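We begin with a single chain expressed as structure tokens, specifically the form predicted on its own.
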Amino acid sequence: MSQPVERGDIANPRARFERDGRPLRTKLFEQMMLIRRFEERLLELFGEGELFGTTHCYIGQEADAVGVINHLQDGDIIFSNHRCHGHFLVYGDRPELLMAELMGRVTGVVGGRGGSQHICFENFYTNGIQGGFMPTVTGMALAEKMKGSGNIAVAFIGDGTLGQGVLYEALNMASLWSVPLLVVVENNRWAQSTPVERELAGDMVARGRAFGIDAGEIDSTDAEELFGHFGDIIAKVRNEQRPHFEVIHTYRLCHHSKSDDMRPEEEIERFRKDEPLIGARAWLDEDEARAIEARIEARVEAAVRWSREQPFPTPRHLDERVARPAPMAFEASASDAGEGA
């Protein structure tokens, strides 16, 4: 059951998640289905020429986003990367705003001018320069500590980012300043077209510990396991106001961008057997799983239909700030499309 989204819920995933009284597994499966179907639809739209720029999908990594972001509350900060769709959908639960953005519409999350890699919405930010945002998010975490807000910042990076020098400058300062920053490394085992064993020397977790930062790792595509694992970590970062560095060993089931996949087929098929949606669907009975899939399909199609109806930005929009309140008119069209059934 998808609930109507009030304005105040957009930046408060934890409150929204807790208010949904359904079993944990049901909620996690529905969120992951939204990410999966949204991105599958994106790839279809890209092939039909309806998207601008390129797109980097998160297919196979959905359990990471639901395991981490559902613990974040109003005021917490997320800095994501080029592979951000799953992070945004769990953060804001507003697929229509992201769809309109990727279709270049003026009612998109940043006015149709940012795409996936330049989102600035509430406390959710993205940038496609790997590691480039780490000094920024470290400073944001420091600001929250100086304000005494109790908020934390979360940075999502990939294994390829571990080869960027600016990351280590940021970790050094995060440790010296003891800022409430959680760095989540999503090791999907490939940096674009290079396997991790050919682009990274040494130990991932040791990189965090080298700066005196608490660090750990988990090898899982189980959303329930990741949700429990990160609950304790995020509580510690918030309560102790210190950084933490955590590696999730996962796998990207889709190509890096579109048609640039040179990975061995047998490797992909091996990891596909452990993909998060299959395991999560098995938690539910068949009728419940099918009802969720139908609801998500209707919701994504409503987002596509609404986005197609939105205008493109014009020169007069250049003077408008890109971070602005979300359009509220969508609730009616989403409801008409079957959301909440």
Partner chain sequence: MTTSTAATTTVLKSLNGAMHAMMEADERVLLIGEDLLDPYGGAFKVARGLSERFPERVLTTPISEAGFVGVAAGMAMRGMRPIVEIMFGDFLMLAADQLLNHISKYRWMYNDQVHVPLVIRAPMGARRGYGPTHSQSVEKHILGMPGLHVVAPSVLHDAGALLRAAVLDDLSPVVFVENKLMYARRQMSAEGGRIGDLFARATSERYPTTTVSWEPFDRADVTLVAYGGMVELALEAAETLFFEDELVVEVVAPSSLQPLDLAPILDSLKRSGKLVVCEEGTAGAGFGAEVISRVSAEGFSLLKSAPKRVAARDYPIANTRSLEDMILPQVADLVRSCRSG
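These numbers come from a predicted model, not from an experiment. Residue numbers count along the first chain shown, from 1.
Here the subject shifts to the form predicted in complex with the partner chain, a form of this protein not shown in this document.
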(message) Can you work out whether Gly75 and the partner chain are in contact in the predicted complex, taking contact to mean some heavy atom pair no more than 4.5 Å apart?
(response) yes
(message) Is Ala143 near the partner chain? Define near as a heavy atom within 4.5 Å, in the predicted complex.
(response) yes
(request) Would you check, heavy atoms only and a 4.5 Å threshold, whether Leu176 touches the partner chain in the predicted complex? (result) yes
(message) Is it the case that Val90, even though its partner is missing from this view, gets within 4.5 Å of the partner chain in the predicted complex, heavy atoms only?
(response) no
(request) Tell me the stretch among 211-219, 154-162, 134-142, 249-257 that has any heavy atom within 4.5 angstroms of the partner chain in the predicted complex. (result) 134-142
(request) Heavy atom within 4.5 Å of the partner chain in the predicted complex: which of Asp203, Glu225, Glu169, Glu199 fits that? Just give me the one. (result) Glu169
(request) Select from the listed residues Ala191, Val110, Met103, Ile233 the one whose heavy atoms reach within 4.5 Å of the partner chain in the predicted complex. (result) Val110
(request) Give, in sequence order, every residue of 24-61 that has a heavy atom within 4.5 Å of the partner chain in the predicted complex, or say none if there are no such residues. (result) none
